[in-house]
Structures are given as structure tokens and as C-alpha cells.
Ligand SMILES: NC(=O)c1ccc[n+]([C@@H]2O[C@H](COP(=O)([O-])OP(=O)(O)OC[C@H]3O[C@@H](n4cnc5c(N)ncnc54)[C@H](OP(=O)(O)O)[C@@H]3O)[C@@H](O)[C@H]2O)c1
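Single chain ahead, by itself, as C-alpha cells, in the form predicted alone.
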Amino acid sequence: MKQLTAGLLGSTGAVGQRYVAMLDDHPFIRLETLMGGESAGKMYGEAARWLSPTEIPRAAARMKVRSTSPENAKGCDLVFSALPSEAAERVEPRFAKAGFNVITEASARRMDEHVPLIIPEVNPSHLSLLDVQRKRTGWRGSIVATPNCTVTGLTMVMKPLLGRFKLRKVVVTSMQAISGAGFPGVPSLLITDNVIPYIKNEEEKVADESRKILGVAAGGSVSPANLELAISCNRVPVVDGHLETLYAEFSGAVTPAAATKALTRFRGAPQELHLPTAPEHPIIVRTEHDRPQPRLDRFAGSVPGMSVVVGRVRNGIGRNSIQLTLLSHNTIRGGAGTAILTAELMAAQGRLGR
């Protein structure tokens, strides 16, 4: 694969740090430019309040953080964005207009008609929207979005069920880790010894984004999947790892064994292409009665944190329903990891480079 250079917006934040760590020894993507706001002008090792238990990568620590300007990304083949949504809405189009391929985690443009919302195993064909995007905006570059961290694991589990069976209704309750709120996150006096049964706009995002990802891209837009979704989101005192319970109803009969088989066999384009950040098994099904658990399973898989772990697959109310529990690492599979995997897929398709 051709060697690529990348810039990173929002490099000092919690998710930005995941990019720095995961790209440190990447086989063909080299992180060349770190950009930030208040941290601009400082050495990255000084500017970033490093949150990982592993050491900050030596090369990154010695890099100077540059201001958030397309001029400072000159020479980069792509730009990752870990910016907050408000800043992303303002900044990212400037980079796309200047010719950069931007892969963003921000919610600002996820639901835009011509912006692909990508999970590489689930809807790689949606990258075809980029041709229409460039025509309509006049951008020389592009913007590709990755989903809300709760959506990623959920949609990966729904995809093989939708493909194998006639999925029609889903009821989900999430138990979301505090790292999903970014740094410094939820105040300790609110979350310690507590569960907060509300996350602003989260339930709407999960429903809308899931339908778009599972929909069909044609004619320059996406027809959302015809799914009934009922979502309840909760913040819980776990550092990393979003746990979700799922109740699914189908048009016909389904068994736990058949559902387990579909989930276990699920593969996508990243596995077929042997992309470096693609786990061998995107979904791992456990048979113990008390798994998955965030502390035990959030780093599961051949690429730690990139597999979704499913357990407690069992009968629902009738023959046409099942229930299960799923876990995904919200800042790896639900964050930097999916964006990096998207970049690898785009590179394999010849969609990167300037």
C-alpha cells in the first residue's frame, strides 16, 4: 500500500490521543501534522494531558502543535478530525475546500445528504456519495463521517441480522462509559455511585444514524432503512466500554442458534482486504452467562478494542424475537479505530492521495 501522510485536528483531546497512539506504528499512514487551538505553538508532549496507561509516543511528543489551518496541513494526504461538533462544523469545510480528505468523528455533518456515514464492515458502498458531494459543494477534497460511538457497535450487530433475517423492530438500552463524554467528562460528584438516565440528543442520534448506515445509497443520497427503533441511553461509572442490551423482532421465526451463527460468520470489506486495523473477527460471540463485561472484554479481538463482543443471545418474547447484550470500546471501535479503518479502506479503493 502507498505510504500516506496524515494531519490530526483536535490532537490533544481524549479521542485525539487515541489517534496518536494507534497511528504510532501504522504500516502506511504516518501522522505528520498535529493541530490544535490553545495548544498551538507548544510541543505535543507538553500540550497533551496524556490519559493512556501506555507512554506517549516519542515521535509525537517531540512534534510542535500547529494552529488549525489548511496551510499547516500542506502535503498531507488526509486529515483526521477529533474536533468538537461546533468547531468541526466551522473548520472542516475549509479543509475539504482546500483539497483535503477529512475523516471526522464530529456529529455536525453525519446526517448531511451527501456525506457518507461509514462503518467499513457495514456500508462501504456509501463512499460512492463522495462523487456527488464534490459536484454539489465544489470541494476539491471531501468529508467522510464516522458514527456516534453507541451506534457503531449496535449497527455492526444489526447488520448481519438484517442481512440474514427480516429485522423490523429493535429496542436498545445503552450503558455508556464516561469517556464517551470526552475530557474532563462528567463531574465526579454526578457519576460516582450513580447512573444518569439521560444524555442530551443521544437517543435521537442513535436512531437516525443507524437507519442511515443500514440504508441504501443510490442517486447521490441514502434511503434510510425501514426499522422501528426505540433507544434509551444511560451514562454509567465505567471508564471505557459501552454496554448495550438489544431486543430484536423479525418478520419470521428466528432462533438464538441461527442468530449466533450469523453474527459469528459476519465479515466485511476490511477483512476481505486484510486491512491492518481490521480485526479477524469483527463480532465475537461469547457463551458464558455473564459476558460481555467492559473490564474483561473491551480490548477483545486480534486488534485490541476493534471487535464487538456479543453475549447472552437468547429467545425474546416469541418465536420471532431474540435478545442479546453487546459491548464495544467507545474510543477505539467507536472512535479513532473506525476512522483509521475508514482511511485504510479509502486508500485501498484509491480514494486518498492528492
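Quick caveat: nothing in here was measured; it's all calculated off a predicted structure. So that there is no doubt, residue numbering starts at 1 and follows the sequence shown.
Below, we turn to the form predicted together with this ligand, even though it does not appear here.
Check: Exactly one of Ser85, Asn72, Ser221, Gln271 has a non-hydrogen atom within 4.5 Å of this ligand in the model of the complex; which residue is it?
Finding: That would be Ser85.
Margin query: If the cut-off is 4.5 angstroms on heavy atoms, which of these, Ser179, Gln133, Thr155, Asn123, is the one near this ligand in the model of the complex?
Written below: Looking at the other structure, the residue within range turns out to be Ser179.
Would Tyr198 sit within 4.5 Å of this ligand in the model of the complex, counting heavy atoms only? No.
Item to check | Any non-hydrogen atom of Ala106 within 4.5 angstroms of this ligand in the model of the complex | outcome: Contact check for Ala106: yes, within 4.5 Å of this ligand in the model of the complex.
According to a 4.5 angstroms non-hydrogen atom cut-off, is Glu46 in contact with this ligand in the model of the complex?
-> Residue-level check for Glu46: no, no contact with this ligand.
Check: With the partner left out of view, is Val102 within 4.5 angstroms of this ligand in the model of the complex by any non-hydrogen atom?
Finding: Residue-level check for Val102: no, no contact with this ligand.
- Query: Pick from 248-256, 180-188, 157-165, 125-133: which stretch has non-hydrogen atoms within 4.5 Å of this ligand in the model of the complex?
  - Reply: Result for this chain: 180-188.
Thinking of Ala14, Arg110 and Asn330 as one candidate spot, does this ligand come within 4.5 Å of a heavy atom in every one of them in the model of the complex?
All of them do, each having a heavy atom within 4.5 Å of the partner.
Review point. Judged by heavy atom distances of 4.5 Å or less, which residues of 14-39 approach this ligand in the model of the complex?
Key: Counting only heavy atoms within 4.5 Å of this ligand in the model of the complex, the contacting residues of 14-39 are Ala14, Val15, Gly16, Gly36, Gly37, Glu38, Ser39.
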